[in-house]
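In the form predicted alone, a lone chain appears below as structure tokens.
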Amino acid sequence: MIYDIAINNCLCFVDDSFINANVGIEGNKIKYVGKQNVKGDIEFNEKAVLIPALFNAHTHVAMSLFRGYAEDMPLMKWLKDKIWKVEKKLKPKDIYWGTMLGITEMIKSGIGSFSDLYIYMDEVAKAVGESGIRAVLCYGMADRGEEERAKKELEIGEEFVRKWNNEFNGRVKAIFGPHAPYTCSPEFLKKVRERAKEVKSIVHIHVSETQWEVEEIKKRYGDTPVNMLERIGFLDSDTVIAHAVWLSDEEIKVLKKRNVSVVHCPVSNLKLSSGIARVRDMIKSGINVALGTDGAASNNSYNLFQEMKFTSLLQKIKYMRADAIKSIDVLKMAVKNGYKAYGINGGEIKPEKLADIAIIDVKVANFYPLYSIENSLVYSAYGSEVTHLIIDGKVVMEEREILTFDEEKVFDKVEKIKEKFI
């Protein structure tokens, strides 16, 4: 058989270990993984490493426009004094170009999918369509306790889901995205949950990012964020929460009981002095934990290799155990668990899985001597080792050149947008 894409002589991440294998891709699916040499219309004989394309499971991609704009502040001061003010100057087309900038960076470091919660999401969806990347998208709803605003926010969020879900050959998954318990009233969150159930949509939300948030929710509602969400019937297996930095033992049990997925964003949590999440405890309890970067305004990059290294190192310090979390588990958080969290048939190099694959050159100085692929990927990689990226069965980057759009045009547009913020 002649496949659309054939990849030979690679070390492939299959069933949580690395094996020598060849891969055949037909349409947007992987069709063959095995020892037999494969032929294709497009052929790669790389003698490289193959992993599923990485999944950035929580971000605000257009915030690449604010990279370096607001520094050295805790979250609420960062939001109130800087970010919320400058966001008011954003126009829809700014969001498009900011998203294209973030997508450029993600593709260059092997990210084939991302989950985005922000504003002017139609522009984000257009950028996804044109760039060839895969995305889970939601409009960031916040009623702030105002009845009229709640009605309008829900309308915008629901219209976005109706308009964009399954667009671009299914590369866009549109879902509901209430911002957080401190910006959304319990009554509003209940309505969001009801509508999400009716249209069978996943819900993505920030939860327990800071101590301030936990104390604020306790003051307002007499309970912690997770327990409040459980009490109003918000949590379920189709709920994905970002951050979850400040959790009690009881709350971890609640998340496991409801099969909620968590997205860990270590670099952003460090930069905003939010804290270090209990990732080891969550994984041990059986919670599906994925990795995210958050927005570039609080990171300042979209690089999951960086997030993998920080995840492992921080857990070692959090628990004062060198073996707090294994590199293979961190790699799974980056390549597999995001797909699982959002119910997407990818994140594994197996027949009938989506053909989202990163090809990595290990003949680089920072990988020598090579004792363990997974250890090198987690602790030594920069992301620049990714030479090719296949998304939905299409070659989106070849020899580090993006094939779907003009990077230089993106940079020029963003430089012009920057002027309005200075």
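One rule holds for the numbers: they count along the sequence shown, beginning at 1. From a predicted model like this one, the values you see are computed outputs, not experimental measurements.
The same protein also exists as the form predicted together with a further copy of the same chain; that form is not shown, yet it is the one meant from here on.
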| message | Taking a further copy of the same chain as it sits in the predicted bound form, is Ile42 near enough to touch it, meaning that at least one heavy atom pair lies within 4.5 angstroms? | response | no
| Heavy atoms within 4.5 Å of a further copy of the same chain in the predicted bound form: does Asn37 have any? | no
| message | Is Ser273 part of the interface with a further copy of the same chain in the predicted bound form - any heavy atom within 4.5 Å? | response | yes
| query | Taking 4.5 angstroms as the cut-off for heavy atoms, does Lys173 touch a further copy of the same chain in the predicted bound form? | reply | no
| query | in the predicted bound form, which of 50-58, 362-370, 388-396, 28-36 comes within 4.5 Å of a further copy of the same chain (heavy atoms)? | reply | 362-370
| message | Can you pick out, from Ile217, Val203, Leu101, Leu189, the residue that has a heavy atom within 4.5 Å of a further copy of the same chain in the predicted bound form? | response | Leu101
| field | Sole residue of Arg278, Lys336, Lys309, Arg193 within 4.5 Å of a further copy of the same chain in the predicted bound form, by heavy atom | value | Lys309
| Residues Asp72, Ser327 and Asn375 all lining a further copy of the same chain in the predicted bound form, heavy atom within 4.5 Å | yes
| Sequence-ordered residues of 378-394 touching a further copy of the same chain in the predicted bound form, heavy atom within 4.5 Å | Tyr379, Ser380, Ala381, Tyr382, Ser384
